[in-house]
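There is one chain below, alone, in structure tokens, taken in the form predicted alone.
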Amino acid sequence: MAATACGSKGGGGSASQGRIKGDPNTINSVANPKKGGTFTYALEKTIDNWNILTSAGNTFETAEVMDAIYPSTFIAQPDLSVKMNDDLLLSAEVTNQNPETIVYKINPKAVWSDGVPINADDFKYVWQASANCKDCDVASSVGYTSIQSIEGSGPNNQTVTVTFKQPFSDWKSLFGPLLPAHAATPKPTDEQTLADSWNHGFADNPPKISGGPYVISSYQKDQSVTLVPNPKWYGKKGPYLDKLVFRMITDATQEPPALQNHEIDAMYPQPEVDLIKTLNGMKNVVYQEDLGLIFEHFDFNLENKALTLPVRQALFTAVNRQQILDATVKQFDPDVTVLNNRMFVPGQKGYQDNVTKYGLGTGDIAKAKDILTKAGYKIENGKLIQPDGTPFPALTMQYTVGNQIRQTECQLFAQAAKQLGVTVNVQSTDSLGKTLTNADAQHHFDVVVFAWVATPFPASGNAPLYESNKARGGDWGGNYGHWVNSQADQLLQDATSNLNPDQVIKDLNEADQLISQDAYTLPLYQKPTLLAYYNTWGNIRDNATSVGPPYNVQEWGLKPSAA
């Protein structure tokens, strides 16, 4: 069913129920929300790690909560642009090109919730952990390793001068977020204590100190996180709510009844045709459906040595992406098409097809079998036999629990694999972070489906997802499948340091073609986002970037007309 036919009731965000459309940056705007009230927002995953700058903690849901706690220098906007955080900063300017030098001037009123000024120490802490600490688990060191020095000056060291030893084009992507250096536990005195504070001090428990509009008042494991206003909030607006509750509902099927029963006020689930029908029937509930920087994909875990290049190429050739789209997202959005690039989405400068010429995702079973035959594999009695004569082992494929679309995607992948004699056991996980990383000795997937939530910075955003651990000084970052390609390493490193935007696009597209050639990941489609909420609340709106709807959480509040 077409999303545009699912009860769309006008533009400008004025409908009382059903789909609303309008300017992505201003839809549902309210100048002066009421003070008070409790707003409950559903999270689809639990929180296992509270440091979103670690690879283990770098999940979208954790970031949604942390948007209210830890400040960033720049914030992605709903229209995919980037805006300086003018609550935190007075200015951020390039003052010298050679060496590249950035001067940040912090709002003198900006303090952590314990009264300590936000200053250069917080910039230095994030830099040291991200670039100069081999035992620190970092989601991305890109850009931080290009920094030569960070110096504080002025009152409370709130003028921060960052000097680069090599150019970094995406400097606005850095320091998002900042962590309170003075609260690091243990106090960093050497590399080991720095790693302990980063990997555990900020990660193991909910933060007690906030630099955002809210502070965490209570946490019930796997249940909810409750936030209350930060008494030291220094921003221009808000916060307006008495309480902001993030309720964890890991079974996505339970979100619609929770919304209908007023147990939650907003949810951000993956859209499905039945869900759209349900939302159109909910009184006083409106929803936005958008396409942004989020894309769905299949990934292999290359630590499984049975997943040789011919096997990967054959499996990705056998899977039919159009069939997957027809069975899932196209049922409610006919405009969604197969995605043929991992670095850019349609509409972004640089988008081109880097997948089709490699035959991936075509559903061509004959070609897939031919790839295997030429590599010495056989299919006997419906089972794939490896060149050494042993049966090919069964694979485990993971998806997030309760996500019916991803379950269908996995089942269709398994059906395609079966035609090649490969058994794929489809399983769900309620902790995607642990499944993808080595946390708690997990990393137990052979194939996985999930979505990358990109930033508006394609060079620095993509490099940590595909660089090898050698290129990253021993850290795998977001390269969860442990792909290694030295040529791609060079291209990705050049993309992050080259100040010529056309060359950056060329580098990223060449790296993307290498990923297709190696059949490491397979992009499926630009994932529609769906934000549903009661129309009594103002200033909540979709943000289909890595930030998510809470990008402006300090502005959320009851509309003046609300009872």
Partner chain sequence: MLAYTVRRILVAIPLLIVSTFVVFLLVTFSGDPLAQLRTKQPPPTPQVIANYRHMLRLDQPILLRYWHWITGLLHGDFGPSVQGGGALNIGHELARRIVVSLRLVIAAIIIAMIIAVIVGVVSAVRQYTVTDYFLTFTGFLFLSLPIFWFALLLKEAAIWLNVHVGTRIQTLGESSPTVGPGFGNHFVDALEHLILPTIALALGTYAAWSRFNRGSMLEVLSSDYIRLARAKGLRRSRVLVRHALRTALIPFVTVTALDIAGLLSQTIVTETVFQWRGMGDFLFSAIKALDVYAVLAWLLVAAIIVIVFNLIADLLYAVLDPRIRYE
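Residue numbers count along the first chain shown, from 1. If you superpose the two forms and keep the largest set of C-alpha atoms that fall within 1.5 Å, you have the rigid core. All figures in this text were calculated on a predicted structure; none of them were measured in a lab.
Omitted here: the form predicted in complex with the partner chain. The next part is about that form.
When the partner chain is considered in the model of the complex, only one residue from P464, P177, P458, P207 comes within 4.5 Å through any heavy atom, namely P464. In summary, among the residues T373, T337, S486, Q220, the only one with a non-hydrogen atom within 4.5 Å of the partner chain in the model of the complex is Q220. With the partner chain left out of view, the stretch that reaches within 4.5 Å of it through heavy atoms in the model of the complex is, among 58 to 66, 24 to 32, 496 to 504, 509 to 517, 58 to 66. Contact annotation for A414: none of its heavy atoms lies within 4.5 Å of the partner chain in the model of the complex. Remark: K134 counts among the residues lining the partner chain in the model of the complex, judged by a heavy atom distance of 4.5 Å or less. Though the partner is left out of this view, P257 does reach within 4.5 Å of the partner chain in the model of the complex, counting heavy atoms only. Residue contact with the partner chain in the model of the complex: L432 places a heavy atom within 4.5 Å of it.
For a residue to qualify, one of its non-hydrogen atoms must sit within 4.5 Å of the partner chain in the model of the complex; none of W127, Q348 and D542 qualifies. Using a 4.5 Å cut-off on any heavy atom, the residues of 463 to 489 that reach the partner chain in the model of the complex are, in sequence order, P464, L465, D475, G477, G478, Y480. Once the cores line up, the CA of T455 ends up 2 angstroms or more apart between this form and the one not shown.
Annotation for F295: C-alpha shift of 2 angstroms or more between this form and the one not shown, rigid core superposed.
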